[in-house]
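The chain below stands alone and is given in structure tokens; this is the form predicted on its own.
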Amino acid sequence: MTAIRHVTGTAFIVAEFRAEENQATTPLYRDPIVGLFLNDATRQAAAEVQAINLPVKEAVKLRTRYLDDVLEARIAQGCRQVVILGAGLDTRAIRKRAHGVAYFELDDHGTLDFKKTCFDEQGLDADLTLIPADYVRDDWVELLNAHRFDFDGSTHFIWEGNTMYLTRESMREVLIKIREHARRFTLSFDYLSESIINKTTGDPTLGALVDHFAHLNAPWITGIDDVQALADELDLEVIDHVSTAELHRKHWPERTIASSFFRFYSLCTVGPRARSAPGP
């Protein structure tokens, strides 16, 4: 297998959690591609996380289903460009291929090089442009422009598993850039509540969860308590908003929600705020 050096460790843990759903009797989604990235070392890393009984695995599966559903709906509505920020080991460019739909992924060079090598070794092809970049520090708008991205085209942005690792200002800057430069867009992202970050949920197991990610050198530092207020502040419209607890009840009605974590972890889809027509 291709060497996995220079790829963020949490990316492999997330990929392992995502891959497990393929074995379910009635899976939330199918991801036949993700196994290309995995080996005994990644399975061990994921097992170590799950050994302390964290709810993250189920949350990853639920967010995958939500983001897949929104993407499919947007493509059906005529979206022809998909931008994935901090793409990690995302496989949607292969899994959700559609005629005339171009994918653009931004992440660090090591991750994208590893992904490209895995795809090339298997002869997998897609309308996919890989753009090595730190989208927080680099001018990703200019990088997209240099790769023939159409800022006037209908676009869906996916920002998965990123917001909690950024400063609040960096998170706001990403949202503002999308709003200012993309003419017709939707954006789906996930986020934690501030009470998770501040360890004020009243559930000590969630404080241990925060500590565990800090131990993995992937500390959670930013949460959102009111996504509608954030959208109003940035002149965005909240199109859809759902907690992972609601997704759990929807997709797994027969299962007990075993952790309060799902109440504090949510996903949403936003777009540009509709403008009122000028008066006579």
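Note that residue numbering follows the sequence shown and begins at 1. All of these numbers come straight from a predicted model, not from anything done at the bench.
One more form of this protein exists, namely the form predicted in complex with a small molecule; it is left out here, but the text below deals with it.
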| Since exactly one of Asp203, Asp108, Asp127, Glu194 fits, which has a heavy atom within 4.5 Å of the small molecule in the predicted bound form? | Asp108
| query | Of Leu144, Leu187, Leu71, Ala133, which one comes within 4.5 Å of the small molecule in the predicted bound form, counting heavy atoms only? | reply | Ala133
| said: Against the small molecule in the predicted bound form, would Phe119 count as a contact residue? Criterion: heavy atoms within 4.5 Å. | reply: no
| said: Please determine whether Tyr165 contacts the small molecule in the predicted bound form, using a 4.5 Å cut-off between heavy atoms. | reply: yes
| said: Please tell me whether any heavy atom belonging to Gly153 falls inside 4.5 Å of a heavy atom of the small molecule, as the geometry stands in the predicted bound form. | reply: no
| request: May I ask you to check whether Arg63 falls inside a 4.5 Å heavy atom distance of the small molecule in the predicted bound form? | output: yes
| said: At 4.5 Å between heavy atoms, only one of the stretches 195-203, 94-102, 119-127, 79-87 reaches the small molecule in the predicted bound form; which one is it? | reply: 79-87
